[in-house]
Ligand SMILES: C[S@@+](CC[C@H](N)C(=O)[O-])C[C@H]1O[C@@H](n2cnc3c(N)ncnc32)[C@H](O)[C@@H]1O
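One chain is shown next in C-alpha cells, namely the form predicted on its own.
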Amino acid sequence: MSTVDSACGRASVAWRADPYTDALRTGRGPLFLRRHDGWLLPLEVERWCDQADSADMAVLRRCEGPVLDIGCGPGRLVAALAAHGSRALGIDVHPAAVARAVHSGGSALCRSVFDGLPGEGRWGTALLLDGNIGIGGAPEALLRRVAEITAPRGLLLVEGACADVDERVEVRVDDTRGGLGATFPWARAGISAVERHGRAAGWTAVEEWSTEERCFVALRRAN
C-alpha cells in the first residue's frame, strides 16, 4: 500500500488545480479556499508539509489499532505514525499529495473516502484533521461513511473549527496570484456541530481538547 494507486485517475479535478500542486511542490503558500462572496480561508501549507508538531502528536497518541488518515495531504501524520511503528494508511484525492506522502515514508493511496477502501470495517482509528470534516460538503454523510470504514467501537479523531460554525459552502483553491481551481463543495464545522452531526451518524463524543489554537474531539462508534 506504499505506492501511488491507479485510482488517481478518478481523483477530484478541483484538488488537482495548479495552485495546490504548486504549493505541494514547494511546500509553501499562500493558498486559500475562496468562497463565492470573496471570503478567504487560509490553508496551512507550510504546516502540512512539515513534520508532525506537538498538537498533531497529542492526537496521534490517542490512536488505537490501525489508523486511516482521511485527506492525508502531504503525509506528515502517516509518516509520524510509521516512524513510531504504527500501522497507518493515508488516502487523498490529489496525486501530488499522495506522492509526497509516500516520499515522506508513509503509506498512502490516491482514493476518495467514498471509494472502496482496504480494510473497511477494521480500522481502529480514523483521522479527520486539518479541516477535513469539510470533505464533500456534508459532514453527516461523511461521518456515516467513516462509521462504515472503522471497526465496531472504533475511534474517530476530528479537528473542528474553534469558532461555533456549521456551514456548507462552494469554494475554489486560490493562490491570490491569479491561480484558481474548480469550484467544489466544502463544509466548516465547530466542535459542537461535529458532535451533533456525529450523533446523527452513530458516533458518541468521548473527549474534547484544544492546543496551539486548534480544537479537537474524539468520537466513538456506537457499535
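All residue numbers refer to positions in the sequence shown, first residue = 1. Predicted model, so just to flag it, every value in this text is computed and none were measured.
If you look for the form predicted together with the ligand, you will not find it shown, but the lines that follow are about it.
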Listed residue that, although the ligand is not shown, lies within 4.5 Å of it in the predicted bound form (heavy atoms), from L143, V113, A79, A99: V113
Contact at G71, P74 and I91 by the ligand in the predicted bound form, all three, heavy atom at most 4.5 Å: yes
Non-hydrogen atom contact A147 with the ligand in the predicted bound form at 4.5 angstroms: no
4.5 Å heavy atom contact, N132 to the ligand in the predicted bound form: yes
Answer range among 148-156, 132-140, 99-107, 79-87 for contact with the ligand, defined in the predicted bound form as heavy atoms within 4.5 Å: 132-140
